[in-house]
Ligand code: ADP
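A single chain, nothing else alongside it, follows as structure tokens in the form predicted on its own.
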């Protein structure tokens, strides 16, 4: 039985996952795990995708790498996908959502263009990650949060931090 919860923060690139996760981790003393960094640092991938300009994640290797620490609890996992993680790992799944024009500006500033930019904007328009989360986790576990501004992010951090402080294991 875990003494601290595990949280997944997901959403389209540019919605504020890493910023939100890092702030919640600092406020709650949970361990922040950025999957993109983990994949790159531990080589948990099957090579580079030139078209999408990212590593092709080996989901089995990622899950094997995380299994023990997820069982311990006390983690905030930050990733733009959610359907390959075991359902049992997470007590809360937060899907950050950003208005399309705000997201477009954020991704453009990161240097996204062409197919990478279009794919991510379309992903947000069609709420792909919210649907993925709802299909992969119990309804009461999934929470969508608006993430358009600094005020939204601060409110989200406070809401998640309050949830962590009142969390009790149901196992």
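As the structure is a prediction and not an experimental result, all values here were calculated from the model. Positions refer to the first chain, counted from 1.
One more form of this protein exists, namely the form predicted in complex with the ligand; it is left out here, but the text below deals with it.
Trainee: Taking the partner as it appears in the predicted complex, which of 129-137, 60-68, 102-110, 38-46 has residues with heavy atoms within 4.5 Å of the ligand?
Mentor: Single hit among the candidates: 102-110.
Trainee: The ligand in the predicted complex: within 4.5 Å of a heavy atom of each of 24, 27 and 73?
Mentor: No.
Trainee: Taking any heavy atom pair closer than or equal to 4.5 Å as contact, tell me whether residue 18 reaches the ligand in the predicted complex.
Mentor: Yes, residue 18 lies within 4.5 Å of the ligand in the predicted complex.
Trainee: Looking in the predicted complex, any heavy atom of residue 149 within 4.5 Å of the ligand?
Mentor: Residue 149: contacts the ligand in the predicted complex.
Trainee: Pick out the residues of 111-132 whose heavy atoms come within 4.5 Å of the ligand in the predicted complex.
Mentor: Heavy-atom contacts to the ligand in the predicted complex: nothing from 111-132.
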